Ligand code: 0O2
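Okay, so here's just one chain, in structure tokens, the form predicted alone.
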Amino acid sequence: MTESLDGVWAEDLAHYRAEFTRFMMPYQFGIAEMMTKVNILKDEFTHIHHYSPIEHVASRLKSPESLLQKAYRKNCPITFDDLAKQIVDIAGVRITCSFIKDTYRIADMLTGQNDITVTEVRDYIAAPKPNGYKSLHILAEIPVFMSDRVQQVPVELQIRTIAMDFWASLEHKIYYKYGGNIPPSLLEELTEAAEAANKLDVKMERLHEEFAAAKAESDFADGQLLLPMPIELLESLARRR
């Protein structure tokens, strides 16, 4: 009898594991689709424009444990339909940019693509969280072409600067170390650090713009403007007119 029950339990476990894998696969494919879009932009800027506003890109798929914990916090029934409707950040892509303006620039380029549908925007750069957290969060749906259907998969984009990302990483570690109950003195220091990170972002962006303007003026004065084609080819085309 026990062996029979064990066999049924193992069969049920295998069934639910397969169903969970099937449920998570579109999210994994959605991440792959979004990562491809981001990396195309990154490579284009690197090779064509000689400057990429994207410093780093990473992705994450919620683990079963993390997914269940969030479902319990939201009082979400543990069914695939309810999880899909209520947990919208199962798939995530994080883009780290050089400067604050770059975060909005990349956001506009991605959300402007005709196969991406934006469902929510939370601009924590313009309006930081009380603890100082800053990042641009965009919830977007991207089509995933399965063998039997096209599924719109939600992917959360987090776009932030290097300084914002460094602060958020540290805050995340401290948050979990204290189980969410960060001592007030430490929380105050974290808030001050967020302000310092923002000042650094603003200052570095100003220095970057000043350097770019000075270099452009110097190149113009020296006659060193970048040409899209070799000068020999341009001269040849001019002679044929």
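Please read these numbers as outputs of a predicted model, since none were measured by experiment. Heads up: residue numbers just count along the shown sequence, starting at 1.
Omitted from view is the form predicted in complex with this ligand, to which the following refers.
Only one segment in the set 116-124, 145-153, 77-85, 101-109 has residues whose heavy atoms sit within 4.5 Å of this ligand in the predicted bound form; it is 116-124. In terms of contact with this ligand in the predicted bound form, the residue from K215, H208, K199, R60 that brings a heavy atom within 4.5 Å is R60.
Taken together, the three residues E33, T96 and A140 lack any non-hydrogen atom within 4.5 angstroms of this ligand in the predicted bound form.
Although the partner is absent from this view, S66 contacts this ligand in the predicted bound form, with a non-hydrogen atom inside 4.5 angstroms.
This ligand is not shown here, but in the predicted bound form it comes within 4.5 Å of a heavy atom of A168. None of the heavy atoms of K37 is located within 4.5 Å of this ligand in the predicted bound form. This ligand is not shown here, and in the predicted bound form it never comes within 4.5 Å of any heavy atom of H56. In sequence order, N131, Y133, H137 are the residues of 130-144 having a heavy atom within 4.5 Å of this ligand in the predicted bound form; the partner itself is omitted from this view.
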